[in-house]
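Read the single chain below, which is given as structure tokens and is the form predicted alone.
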């Protein structure tokens, strides 16, 4: 299992989601993508997309207005 980081700071929707989708295509099953964002709209969009794609995810606010989104590729 590998871990990848994706910096999406100062990027607005849908750029973070598009970057995540592109990165997940080249990742192996069980790999984890950690996205960093400061755009709270990205969290809602990523949650919905990840749920539809069948991956696992969680997120945490690491600082005021900054989040890390953890996506595990399951299929």
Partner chain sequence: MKINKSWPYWLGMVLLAVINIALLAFIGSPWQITSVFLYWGIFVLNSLGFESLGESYTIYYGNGLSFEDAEIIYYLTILNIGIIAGSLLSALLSSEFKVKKIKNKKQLVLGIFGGVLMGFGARIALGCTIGGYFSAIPSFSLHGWVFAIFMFLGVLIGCKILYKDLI
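Residue numbers count along the first chain shown, from 1. Given the structure is predicted, the values throughout are model-derived calculations rather than measurements.
Form predicted in complex with the partner chain: not shown, discussed below.
The shortest heavy atom separation between residue 62 and the partner chain in the model of the complex exceeds 4.5 Å. The shortest heavy atom separation between residue 55 and the partner chain in the model of the complex exceeds 4.5 Å. Within 4.5 Å of some heavy atom of the partner chain in the model of the complex lies at least one heavy atom of residue 38. Of the heavy atoms in residue 7, some are within 4.5 Å of the partner chain in the model of the complex. Annotated contacts: 11, 47 and 66 all touch the partner chain in the model of the complex [non-hydrogen atom within 4.5 angstroms]. Contacts of stretch 17-38 with the partner chain in the model of the complex, defined by any heavy atom lying within 4.5 Å, are made by 18, 19, 21, 22, 25, 38, listed in sequence order.
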